[in-house]
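Coming up, as structure tokens: structure 1 and structure 2, two forms of one and the same protein chain.
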Structure 1
């Protein structure tokens, strides 16, 4: 049940995308997200689609796995699509009671759906192909320059990586506690809202107790190994760019240029 949430989970495989430096993937995801919002031309979206499909194919993550994560945002997509469909001004093509649908509304709605789906796909690809440790390593190294203005980059990255590391552990724990309470006859599925909310107490209390216990143990273990933050700390596996990373940067550059060119050239037009 809880395992259906793929967002933020790592998919083990050995592919080019998996091996890329996390900094490349982070920048790539950022550029991808920006490119989604650079206009509404068919050609732009054709380019984005080709790029996305190519990356998914290269990553060897089954499409089924990516779409599984999509289920959790279906409602969000439907709501924002509805808002766009009914609340956009323009040339009216359909009127029903108080609802009007305009040509612009339909365009907006379609693009909105595509954008949201691509957004989830793009970010899932990054988290599915990068281990949490690698990801925070990438963020830490990539944001190194912020150290100069006294932002504790290492500490924030460490907090992030610990939090990410704990997601699967706590999910597993929730699963176990739920099962244990079900074995004691607990019922999480029936009853009204109040009853269901109450049914969560036997899960939440043990879960919090265990989260605190784990946090405490971890703090103790870190202390015991003399952890003291970033100062003078070296890495066992420092991030180093390889030739594939340089090639990926070039590909990213070409992609950016194409996206910018199309969006300038097609400004304000659909086709």
Structure 2
């Protein structure tokens, strides 16, 4: 299951989405995330679904590769769905003991599941189609205006991109450690919650050691390349907008207008 986490990985392909400026993809991801929480209308989510399918098609990333990341959030989806299903007030449909299912609870449950799935898919597409270097450059360039108030934008962007890219590396390391411990007779599945938590100690200790070792190696590599932050630093490939980026901004503008219009017109309604 740990190998199924796609967030933070890069999928190499020659697609329109891959060639877009990272600032466009960052803004598009932000708009997409905001649109998921602007309402609970079927028409709104129909628009979001069409937009998501179109982006996946244009990215040339296999759908199976994107959806396999869903396995890592199954428990989170189940818990969120249960809370919304049983703890939402409204028109009662079914009652058993202290558990009550309402019509509004069913709607909330369905929309919450869709939101979580779309949230993972949307953010995964951004990282799958953007290299770590471009992601760092995009964040730095997009937040360049904060330099005027002495915010270390370059350092923040570097930390964010490194943290994001370390996710799949640490997951792979955890998977290796778990298999090594299981080969030595470790049991991570049986017993109560306390016993399972104690069984994780043989995993956490070597994982932290490995993480600190990787961080130290990365720091030494950056120092060996005379990295001293953004001061006096130039770009071998500076970001420049092209015609496709301007067209993508227009598409994002149209999408935003449609989302806002549907949210206002269908406010408080499911259909």
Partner chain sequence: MSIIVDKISYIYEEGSSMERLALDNISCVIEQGEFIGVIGHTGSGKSTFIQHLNGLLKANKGHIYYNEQDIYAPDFKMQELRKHVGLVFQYPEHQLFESTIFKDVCFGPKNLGFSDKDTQIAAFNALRQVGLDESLYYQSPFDLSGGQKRRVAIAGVLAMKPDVIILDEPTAGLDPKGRDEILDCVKKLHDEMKITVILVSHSMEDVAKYVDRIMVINDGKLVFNNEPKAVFARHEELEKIGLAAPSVTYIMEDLYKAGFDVDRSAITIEEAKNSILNLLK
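Rigid core here is just the name for the largest C-alpha set that superposes within 1.5 Å across the two forms. Positions refer to the first chain, counted from 1. Quantities reported herein were computed from a predicted structural model and do not represent experimental measurements.
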Taken from the structure described, the form predicted together with the partner chain is structure 1
Large Cα move at residue 83 between structures 1 and 2, threshold 2 Å, rigid core: no
Superposing on the rigid core, is the CA of residue 216 displaced by 2 Å or more between structures 1 and 2? yes
*asked:* Once both forms sit on the same rigid core, is the C-alpha displacement of residue 172 at or above 2 Å between structures 1 and 2?
replied: yes
For residue 162, the CA shift between structures 1 and 2 after fitting the core, in Å, is 4.0
